[in-house]
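There is one chain below, alone, in structure tokens, taken in the form predicted alone.
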Amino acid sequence: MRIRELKLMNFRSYESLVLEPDEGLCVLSGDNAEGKTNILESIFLCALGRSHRTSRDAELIRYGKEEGGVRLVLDTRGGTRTIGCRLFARDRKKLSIDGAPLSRSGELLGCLNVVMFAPEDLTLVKGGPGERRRFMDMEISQLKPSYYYTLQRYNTALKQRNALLKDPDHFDAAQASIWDEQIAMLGSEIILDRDEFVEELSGIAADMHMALSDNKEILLVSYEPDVPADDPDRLTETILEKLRANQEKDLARGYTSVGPHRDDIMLELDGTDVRVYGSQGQQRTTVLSLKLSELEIMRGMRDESPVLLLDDVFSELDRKRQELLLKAISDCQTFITCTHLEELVSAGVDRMQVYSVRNGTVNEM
């Protein structure tokens, strides 16, 4: 999988930009706040239909403009695809593939697969369970677009049930029962997909972390579902039973206390919870292990490498981790931002396409 052309129009700091990146390592070099991350953001937008930095599409449009957009030409094993995203200050964005408009953003998933590693990804370890659920949801959705729609339907049912719980004086038990059944059915699908994903992730991440820690630490990644999938065939019934058993408590609380919206991932190093007790270095290495595992899973399932986006993280790694990262991404088209090219040169990178990013302009060096 390789991006052949990227075109930005009134996107963030760019009035107009056209890049024709090489198939290997593409380096965006420049000081902070010059617009390097905006380019990675535009690629991420074309992969998942949303920004990784904001939920407000209007913020992606260049200041003072009413419209903006991104056009990306992609080479895949199945042929060349063109992804378009038109942004409007006062209307919903419009997505397209090969010129055909998409009615839902979920239709975009799987066309362009990306793995992104940014400094804020430390929240995957340091943050709350919601960050780890988001990690699972984003990756599974790229691998299995049907999961995205199941998750959407689940969240709609959950929202409706919570609305009933917030008004106990007018609580409609019959209506609640309908949403209970929806949450149980959809929730069981989500739990089983997450369980399968984390099981595969766990084995790869353990090997990755062993190499990154110089065989000194054992990483255990395990799924912590709110309702365990001990008996997959009865999982829907189990969730339904728990929802009904907790109905009175949920009425008192005003929200639903059972379901995959309360799931988490346990991350342990040598039996210790790295989420709570890990050092900064251990947490950073754990995140890198997870991200590189994503890469391997996508390679295996898609039979081609995803596009890798590295946003100002290379300098955060020591020499050994830099070398292992470069080895892992040797067959990926990779976009990396940095402030000093010396970081890459000293790590042994000799072949790279370098763009200088200054004041919202990009020039190949």
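Because the structure is predicted, anything quoted here is derived from the model rather than measured. Quick note: we count residues from 1 along the sequence shown, nothing fancier.
There is also a form predicted together with a small molecule; it is not shown, and the following applies to it.
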query: The unique member of 31, 316, 323, 331 whose heavy atoms fall within 4.5 Å of the small molecule in the predicted bound form; finding: 31
query: Option from 55 to 63, 323 to 331, 301 to 309, 42 to 50 whose residues, in the predicted bound form, bring a heavy atom within 4.5 Å of the small molecule; finding: 55 to 63
query: Distance check, residue 353 to the small molecule in the predicted bound form, heavy atom within 4.5 Å; finding: no
query: Touches the small molecule in the predicted bound form: residue 68 (any heavy atom, 4.5 Å); finding: no
